[in-house]
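The data below hold one chain only, encoded as structure tokens and taken in the form predicted alone.
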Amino acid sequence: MTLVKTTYNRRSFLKGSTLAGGGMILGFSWLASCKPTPEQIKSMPKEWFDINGFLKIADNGMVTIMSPNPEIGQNVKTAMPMIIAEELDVDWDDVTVEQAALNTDIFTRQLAGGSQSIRQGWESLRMAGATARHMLIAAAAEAWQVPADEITTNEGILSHEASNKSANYGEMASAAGAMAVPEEVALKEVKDFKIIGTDRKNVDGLDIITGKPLFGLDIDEEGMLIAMIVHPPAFGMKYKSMDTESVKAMPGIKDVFPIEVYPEGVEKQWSDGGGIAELVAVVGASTWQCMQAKKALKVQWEEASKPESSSDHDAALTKLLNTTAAAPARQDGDVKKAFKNAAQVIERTYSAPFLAHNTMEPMNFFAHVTSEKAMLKGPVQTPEFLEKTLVSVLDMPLEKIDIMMTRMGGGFGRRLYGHFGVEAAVISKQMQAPIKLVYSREDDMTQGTYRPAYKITYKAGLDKEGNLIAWHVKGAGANDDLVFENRFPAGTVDNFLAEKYTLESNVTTGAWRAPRSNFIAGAEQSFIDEVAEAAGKDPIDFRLELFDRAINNPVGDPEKNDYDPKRYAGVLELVKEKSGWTNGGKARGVSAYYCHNSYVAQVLDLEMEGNTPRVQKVWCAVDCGIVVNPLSAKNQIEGGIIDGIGHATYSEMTFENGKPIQENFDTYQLIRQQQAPKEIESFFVDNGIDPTGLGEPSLPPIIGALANAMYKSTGKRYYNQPFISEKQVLG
């Protein structure tokens, strides 16, 4: 039995009180929620007590969980309430949801990013459910005058066998609210879970497929105007002047004006990194009218910094890789001597371009700013940091700013950067009216905040027996240093050197699904396959030999390594078994990677149709600890695999004198349905460990598995993404 304290950091974790109309409310930190389908709704109470950030139990036994965290398609809105319902021991059909607004006094980490929602909320969510159950039992014990430890619960029913008494949670909810919050509560054993580990459909699924208003673009408030922005046409340019008279006279146009999104002296947050300080706003009655006005508007721009082209980026990254770092990120042994004595030396360089996020729902936000308050609503992954920026930009106290979150049509890291919410607020304040800011696809794709361009060089030395004796990695990225110096194969090679560099660029960059890992995993795993081939060893066996070294005789301090070699080897062995690796076809590739606290290994089979790879099947083994909702977990795994294959094969952003060349999907290729794998089979390691990340870990390794399978099919290695553009390789 696990006991947990019912306090969390410096805040009281739970507070009990009695509702005016009966029922029980439990305030807690870090909860998400679910909303039943019409078929699931039983007898709803006449009134719900709408208190931000609380678990509510109504007098009829229904349960509502307020959801403070953003939902971007990772399905935490289903998984997190499952955790609470499990410990509360309530019938899943009796759970409903309300989306909470931002409230930093009640909640912690109201943020969606880093595949951390379940991992960070696991204990807190369980604590909330378990404490509520404890207080309900205490109320029943007092009412029935029986020992609390003789009372059992099951699906929202309290029972005392000896006295033959029972009651549903609703009957005891009001009394439970008056009970003292216990100092500690017992959590369920994993073996006793009834909800966690079972398939549960997306609680918003029906609303999504029937077109119910859930997303930011669905917002339609009374008196609302539409706003669009005009940003510089090239990176390195800034606003100078414009002629607005003819455009202001166009049908439906209310105003056209320059805006300072971040005036001098404003306290910016890290989430403002992709924002442009000065833009032009076009405000009108409809999106179409604003788009037409934008096309007609003549804006003068001037150079603020030197415009950069893709050829400049490539040359600068290459130059960085040819330098010597003043202080290596990590160094074990004598790498220089080891390479000198090696029987074979393999050295390869890999590259990848900038990538746009391309969320299905472009950036948008609603804002209504008056002299008294600011009310904002929209799809953002970092509402707390948006609020902090608005305090400074609007010169308004925190308590006068309200931010409500909508479901997001994709994020992938793009909505970590909430500058579009700031822009909406500034425009609303200028217009003294409610506005909805809408980005066109071209606005979204050319504004920036891209996945950085990367380049990395690997060098490996083998002795006469084919043993790996030296490893040197040096990588560079645009506004990013790329290399994870303490990840595999660190700790497995006697002589190891890691160096990393950063290219300063005026092209704005940011987190893109599985930051850094989304490139380095593919490069590393492709190189390992090539080294295994040079050593004359099976690529899985070669990797397992290295993990065996890390387990039994690690190099250096194993505490420095940020991976567990046993778990890493475990997913490789599992995917080897499930894929029938030794009996596989010729065009088969393998890859394994650790990121976001989880381990993923994949085997991919493909056939080449002319110059185009067609993935037949992917086997994917995952160690992410306890899987809360297997159905949702498989969906995330499959989505990451398809995303990784598509971007590595087809996608890139290029620049000419600072101007983005790709502006829409006619020139920026995403994977099509017929190009996705025909079959994906996922397997999860059942180890009872607390959950870790899942939204991102399946993407990085699939790129290496794809490149390795393509090599088996074509006989040529793939070093530069996107693979489909390597004409010299594809012939």
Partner chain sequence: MANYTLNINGVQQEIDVDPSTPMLWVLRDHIKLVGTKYGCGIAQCGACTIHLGDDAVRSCQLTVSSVGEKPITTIEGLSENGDHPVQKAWLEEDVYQCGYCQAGQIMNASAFLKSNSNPTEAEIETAMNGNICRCGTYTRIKKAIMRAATSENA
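Quick caveat, the model's predicted, so the values are computed rather than measured. Positions refer to the first chain, counted from 1.
The discussion below concerns the form predicted in complex with the partner chain, not included here.
Only one of the listed residues (Pro565, Gly461, Gly156, Gly73) places a non-hydrogen atom within 4.5 angstroms of the partner chain in the predicted complex, and that residue is Gly73. Among Lys336, Lys306, Lys201, Lys240, the residue placing a heavy atom within 4.5 Å of the partner chain in the predicted complex is Lys201. The partner chain in the predicted complex is not approached by Pro554, whose heavy atoms all lie more than 4.5 angstroms from it. A residue is said to contact a partner when one of its heavy atoms sits within 4.5 Å of a partner heavy atom; Asp220 meets this definition for the partner chain in the predicted complex. When contacts are judged by a 4.5 Å heavy atom cut-off, Trp144 does not count as touching the partner chain in the predicted complex.
When contacts are judged by a 4.5 Å heavy atom cut-off, Met408 counts as touching the partner chain in the predicted complex.
Contact here is defined as any heavy atom lying within 4.5 Å of the partner chain in the predicted complex, and by that definition each of Pro362, Ile642 and Leu670 is a contact residue. Of the candidate stretches 208-216, 133-141, 555-563, 480-488, only 208-216 contains residues with a heavy atom within 4.5 Å of the partner chain in the predicted complex. Annotation for 509-523: the only interface residue with the partner chain in the predicted complex is Trp512 [heavy atom within 4.5 Å].
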